[in-house]
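First, one chain by itself in structure tokens, the form predicted alone.
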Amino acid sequence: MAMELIGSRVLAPYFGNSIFVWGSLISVFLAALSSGYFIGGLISDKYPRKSILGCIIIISGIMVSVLPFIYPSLNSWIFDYDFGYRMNPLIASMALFFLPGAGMGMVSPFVIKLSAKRLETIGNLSGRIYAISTLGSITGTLGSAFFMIPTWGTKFNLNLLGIILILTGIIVGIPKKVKS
């Protein structure tokens, strides 16, 4: 959610803050998450390893960290080419946010797969994981809207989110020492 709010600041200077911008952002993030959930479920069943989850998080973090360097020229190109006031923000949202959003969507199915110990408790487990995820989204939304964006701006926050994802991926992917 933090990235979605920051995304509005990425698009606003080029395409405004219209219903088309917000509709594009929300739709792209939902499509990205849906794709990520699906692909994450498939990959986690085939390769249920923390190292794979760590790599997915790191790659998502790298994609987010690159955004401050590419969004000005990409948005300018889309604005200059002018696909129309409805399509401009949709194309920009897809180009900038779909892949990192899908990567982040892959995390929840992986966490559920790696955390599941018994089939009888998977409903409880998945409920707790999605509850924690939603609380994180609420925290990210309020933190971004009320503190991070007004204090540090768009580019800094994209870099910060990317770094947090990369560090999280490294921590998740590091194998724990096995006791002998």
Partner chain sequence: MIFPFSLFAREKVLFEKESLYHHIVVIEQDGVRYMKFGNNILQSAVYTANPLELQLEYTKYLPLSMLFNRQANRILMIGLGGGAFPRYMREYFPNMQIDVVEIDPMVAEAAKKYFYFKEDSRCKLSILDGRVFIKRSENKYDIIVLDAYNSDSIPFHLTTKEFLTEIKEDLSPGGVVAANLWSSDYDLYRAIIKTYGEVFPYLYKFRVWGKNNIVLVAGEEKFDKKEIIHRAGLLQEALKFDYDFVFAASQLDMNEVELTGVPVLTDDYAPVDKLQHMGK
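Positions refer to the first chain, counted from 1. Computed from a predicted structure; not experimentally measured.
Although it is not shown, the form predicted in complex with its partner chain is what the next lines describe.
- Here is the short version: of S27, S115, T151, S137, the single residue with a heavy atom within 4.5 Å of its partner chain in the predicted complex is T151.
- Site residues S18, Y85 and K155 are all in contact with its partner chain in the predicted complex, judged by any heavy atom within 4.5 Å.
- The stretch that touches its partner chain in the predicted complex, counting heavy atoms within 4.5 Å, is 142-150, out of 142-150, 36-44, 127-135, 49-57.
- In the predicted complex, Y71 approaches its partner chain with a heavy atom inside 4.5 Å.
- Heavy atoms of L160 never reach within 4.5 Å of its partner chain in the predicted complex, leaving it off the interface.
- The shortest heavy atom separation between A12 and its partner chain in the predicted complex is within 4.5 Å.
- In the predicted complex, F98 stays away from its partner chain, with no heavy atom inside 4.5 Å.
- Taking its partner chain as positioned in the predicted complex, none of the residues of 38-61 brings a heavy atom within 4.5 Å of it.
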